[in-house]
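Following this are structure 1 and structure 2, which are two forms of one protein chain, each written alone as structure tokens.
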Structure 1
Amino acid sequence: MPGEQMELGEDEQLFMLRRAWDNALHTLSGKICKVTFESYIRTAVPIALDGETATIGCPSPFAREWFKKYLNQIQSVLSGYLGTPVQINLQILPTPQDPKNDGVRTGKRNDSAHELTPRPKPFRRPNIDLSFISINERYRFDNFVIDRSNRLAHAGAMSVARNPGKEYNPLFIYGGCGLGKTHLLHAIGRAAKDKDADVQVAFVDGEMFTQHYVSAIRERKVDELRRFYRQVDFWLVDDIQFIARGEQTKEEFFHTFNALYQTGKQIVITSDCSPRELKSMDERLRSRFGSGLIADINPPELETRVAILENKCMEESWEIPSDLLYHIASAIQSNMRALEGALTKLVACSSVLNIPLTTDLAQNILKDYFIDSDATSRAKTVPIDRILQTVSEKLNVSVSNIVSEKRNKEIATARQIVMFLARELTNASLIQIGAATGGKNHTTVQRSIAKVESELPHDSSLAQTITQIRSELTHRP
């Protein structure tokens, strides 16, 4: 009737919500930390719009908790695109399940009768010293922080967990110590078990496999060990480089690999170097490693390292100031296990000694983590006022403008470079850097540093400018 608002059907409402959500994502991508946005906001799905309530689905409880941190901001942006205020109701998206046939493994055929075969009996462990790495419940796909340094490895791991033996077999992941290779192996094993509780997962490392084989030889049970290994569905092998010591062990590994590969069982291998760099391995093994997907993991960027620490804080319900997280993430760059260890020790020391969480305490803790110790000491005597003066001269922007509230592009860029270099070349906290650049709060400093870091790989002019300024600051007497 005239003067009355037409009521929309469910399909039209959902269409409106989806269109508004797409627009909201575009706006939010510039307002929320990139790693958080890509991992926990973009992965959410609009489900329904009912009056003033928009239902959004999150892929996991962990993702929902992260979404809640930005709920008010997201509701405001989404309401703007819908043209009416809405409240967001968060739901957990159901996990896709494969159809199951009673006691029957779909697609498995008996070679002689060409019929579907019943599920194999549970593992019958050989009567020898045989142990496996237990799947760690804390290492899951939903708490693995993704960035460009590990995106391919993560995507490959997700794929083999969903479709074992189909797309990427074997999956070979390599990279330095503490970058997340073992995390992905645990996540694959956990996801496989969640999908099918009866799936057989064998998780070993190179040294453990060697011990299994030596024990089998000593007790004359090699055939029993072989039969056992050949009945697994997922063979997850961590640190393959440690297998390369004995010729017989490598020979046994080769035959186990072939047997599992030829029967379509999923093989995932990690190493500290690429297959072609495993010089002590036979060429036939290295060529087989390369027949599937080879994915490397590199040290993550600062923003990602901070996100890893934030994940840890959320899981443990720790309240840690952002400037301390940045301080730890700046000091430890190439080992995420050490990164989390430093945070844990910081919290433990604060609790046991009943002293506040401070930058000085963090600095003392970091002395025990030698991995990137140079990052905590190099060029730390550069005063912030000298950084301000050098950037001012290089970019022809006055110091008074840099520390002002002005936001035009030239001044904002100079201010961001000062903050970035102050974080790198001084012991100052984010709060102290903000105070030295005109009383900016630590969140502004944090975002400025993150912006410079995100642009450096793509802006050669910016990279060259920062390199020149850094060189002048660290070499000038």
Structure 2
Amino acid sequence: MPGEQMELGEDEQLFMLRRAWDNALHTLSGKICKVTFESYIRTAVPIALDGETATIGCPSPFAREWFKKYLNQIQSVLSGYLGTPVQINLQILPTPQDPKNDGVRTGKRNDSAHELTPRPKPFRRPNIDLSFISINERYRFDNFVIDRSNRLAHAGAMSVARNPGKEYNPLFIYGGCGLGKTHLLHAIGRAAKDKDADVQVAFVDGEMFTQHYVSAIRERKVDELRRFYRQVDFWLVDDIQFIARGEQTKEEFFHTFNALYQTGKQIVITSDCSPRELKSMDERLRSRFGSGLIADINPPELETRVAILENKCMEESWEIPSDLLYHIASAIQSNMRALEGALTKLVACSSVLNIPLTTDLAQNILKDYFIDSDATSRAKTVPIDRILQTVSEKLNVSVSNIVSEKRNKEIATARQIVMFLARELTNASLIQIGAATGGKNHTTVQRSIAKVESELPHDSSLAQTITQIRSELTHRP
């Protein structure tokens, strides 16, 4: 049992291993891709040294797979610091939630772990149509790639899964499309269930909450629905922006929220905008959302996007050259669903056409995503005003409409295209792009760009329009 191996913690061999491991980490940090290193190598823990065998613990089977990819390299660096050849024996660390073993990774005890005696609890589904989203096993904490764009949301999510109803209640996560909100929500549900199988997790989205409520009214079972919700330990609400605008549904949401909140149950909500911008919700509810932790998620950096693609390759057992992954990750920046989708499309085409996966193939198949880099660097001097002007002429939407608050489809589309091209063809930050398009905030800009990215592969007329405008902007002096 690893707990017993920890007893070795005081002896000389383990001391030597730990010292060598620290040095090895230092050396390896410059040699392995930063994101992989931070997520999967630095999180490993030296457990024991027994002659020529060094036992190292990984936090999850998934992390172990990553570690194995670098095993030879790590082994040789570690051997160097130990002054003797060693073989690494990899173990999975006990989860921090396991009360028997807690403390192995951190050396600290987690007191809340002692409260975890399973408590069988009656959990009867009400007699109305109440289907919940089931947990998607693909979305876990161990395959969520962390960088500064999502660090707070990730930390908040881990914290509520461990300490429900205590530190951050509610946890409100918001950000653009395809940035991992649903992923984190599932990961919370999974981790909570792993910690205590009896925990009751109700996982809904805004639309589903509305449906449940409407059918409860129709069947005169609203009380039953309320009683049911009182037994829930985790209430995970995805995409709250889709909750119906009807007063009654919102009122019911408010009551459910309060009932759970007052009894210390954990509430997690995701949305595509901040509580302040959730105009369809009452002020009193929006201010409650702010009483816990509000965490935004932004598009991740290039290395992180590559790591997300690498995760996908690992899970699907795809062998893809890393320059190709970089190529794709450079082209798609704002929507990780589109990023994964592009890779899947590429793999499917290569297999159907039976041709090797190369950068040329990618360029061909994903042409709408790729930009002519020469033209782009020439264009970096294009002022946003010129983009506005050109989009306005091509789409026949006035510039004043594009920079207005109006939301009808043509105007919104023109605005999204301006933002998308400004991101691509200028050095302007999201904040500057927002300022140039009528004082929009950076989340709105990010959301608009993500929307264009996700529609490009399916909407050939949009792709054509963008290609035309782009070539006009980059080829005219």
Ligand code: ADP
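Definition used throughout: the rigid core is the maximal C-alpha set that superposes within 1.5 Å between two forms. Structure 1's sequence is the ruler for residue numbers, which start at 1. A quick note: this is a predicted structure, and the numbers were derived from the prediction, not measured.
Comparing the two isolated copies of the chain, the first one is the form predicted alone. With the core held fixed, P46 shows a CA shift below 2 Å between structure 1 and structure 2. A movement of the C-alpha atom of G57 falling short of 2 angstroms is seen between structure 1 and structure 2 when the two forms are aligned on their rigid core.
Once both forms are fitted on their rigid core, the CA atom of S159 lies less than 2 Å apart between structure 1 and structure 2.
When the rigid core is fitted, I387 shows a C-alpha shift of 23.7 Å between structure 1 and structure 2. After superposing on the rigid core, the C-alpha of L361 is displaced by 2.9 Å between structure 1 and structure 2.
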